[in-house]
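In the form predicted alone, a lone chain appears below as structure tokens.
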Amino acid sequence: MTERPRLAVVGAGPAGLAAALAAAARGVQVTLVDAADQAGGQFYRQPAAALGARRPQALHHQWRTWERLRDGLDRHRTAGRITQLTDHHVWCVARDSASGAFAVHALLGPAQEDGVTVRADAVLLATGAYERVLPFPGWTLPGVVTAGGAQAMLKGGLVLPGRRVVVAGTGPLLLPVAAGLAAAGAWVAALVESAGPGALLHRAPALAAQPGKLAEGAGYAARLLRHGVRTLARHTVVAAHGTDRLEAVTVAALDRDGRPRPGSARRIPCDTLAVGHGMLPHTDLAETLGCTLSGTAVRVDAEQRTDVPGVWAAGEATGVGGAALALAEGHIAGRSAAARLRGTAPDPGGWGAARTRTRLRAFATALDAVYAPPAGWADRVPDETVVCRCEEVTAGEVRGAVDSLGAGDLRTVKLLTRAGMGWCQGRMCAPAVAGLAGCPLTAGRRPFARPVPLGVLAALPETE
């Protein structure tokens, strides 16, 4: 008997789970590597087992889909077709140019001090996305969290980020966050959305092609009405206020050009602001491998293959579009990887998923246009506002690097101001720095996806 081909899947969210199940069902030995202690990703984030949640499904929709994924994973693990590695934080994926094999390097456990390496014949990246947060005065106050962070606290820890909450920014994530917090007992003082109904009407044909998605959004809106949540469309947060922690936010209405209307500002008392301005793909590992990006996402073909042999990508890493799109892409990628590894033709059984992918990508493109950050947001950030929290770089310093020193790209701004040189390596501040500098948000091409202890590097074989 010959050894089964090995596929390493990085990420156990919807895309990674769908890919792992599809590949394992077709005779491939799968190693599923994920940083969390349970599968599910952000979308299907589960409460810690020690919390003893009696009804975790109350925090989710599409629970039956999650149950199918979970049960499928359990079956393949029991049969030995999938090895699941939880609490493994991947910091680099390296490809041997001679053999074409891959080494997936990860840090183990919460302390992330010990290293482990997974060997594979191919790699499938399902690394998800992270939130884009644009700065404003007071955004660094305790009590200001990302919208996804508030949702993660509720789903994973069964705790509220605060008692009186304002949910603000733009994007479809705000609706489930506000509805979930209200249902859990928080007083959601307002949902502040910079997009307006007119933007939805302009994209009506593309949006109407997915009636299920529209019904889902309407369901969230109905829940907000039941809980008495005030929705302020075409509004934005101008500033957050407080001394030791957040005490209130000021919001203002936006005009047709996306700028605050004079005289429209109002102050809303709150102890928590959950804010986000959409999502951006996690592409660090793909960049390290040399995969080509299309804009800010990994570029893939019809089979979800990147332009690096032996590397597939699926889900938000290839473009943010939600869990249903991630499931379709993961299914296609898993089938393709299994076929290629086994030396057979791509499986035509994935065509149904391909049609679903096409429709959902069109829907996601329409949503991107609707929920774009308000125009001119960078012009409204005062010079004294901190933009890079790690290195305490202000908006004025970024502007000075451009206006006085001639910086024209992110890397030059980073070298001149240290913006992006801190612990997060620009993951939080890069979109804001790019907006302030008036330059594109480009890939960083870092050798490591996360900080690595020197001892872990020293323990690697000399050939690596």
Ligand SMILES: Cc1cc2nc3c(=O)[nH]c(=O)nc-3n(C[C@H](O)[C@H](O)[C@H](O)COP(=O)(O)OP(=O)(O)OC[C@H]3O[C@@H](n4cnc5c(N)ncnc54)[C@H](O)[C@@H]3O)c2cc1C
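Throughout, we count residues from 1 along the sequence that is shown. As the structure is a computational prediction, the values presented were derived from the model and not from experiment.
One more form of this protein should be noted, the form predicted together with this ligand, which is absent from this view; the next part is about it.
- This ligand is not drawn, but in the model of the complex it has no heavy atom within 4.5 Å of Leu415.
- A residue is said to contact a partner when one of its heavy atoms sits within 4.5 Å of a partner heavy atom; Val33 meets this definition for this ligand in the model of the complex.
- Remark: Gly41 counts among the residues lining this ligand in the model of the complex, judged by a heavy atom distance of 4.5 Å or less.
- Within 4.5 Å of some heavy atom of this ligand in the model of the complex lies at least one heavy atom of Thr127.
- Exactly one of the stretches 173-181, 233-241, 260-268, 360-368 approaches this ligand in the model of the complex with heavy atoms within 4.5 Å, and it is 173-181.
- Contact with this ligand in the model of the complex, defined as a heavy atom within 4.5 Å, holds for exactly one of Thr394, Gln151, Ser336, Thr306, namely Gln151.
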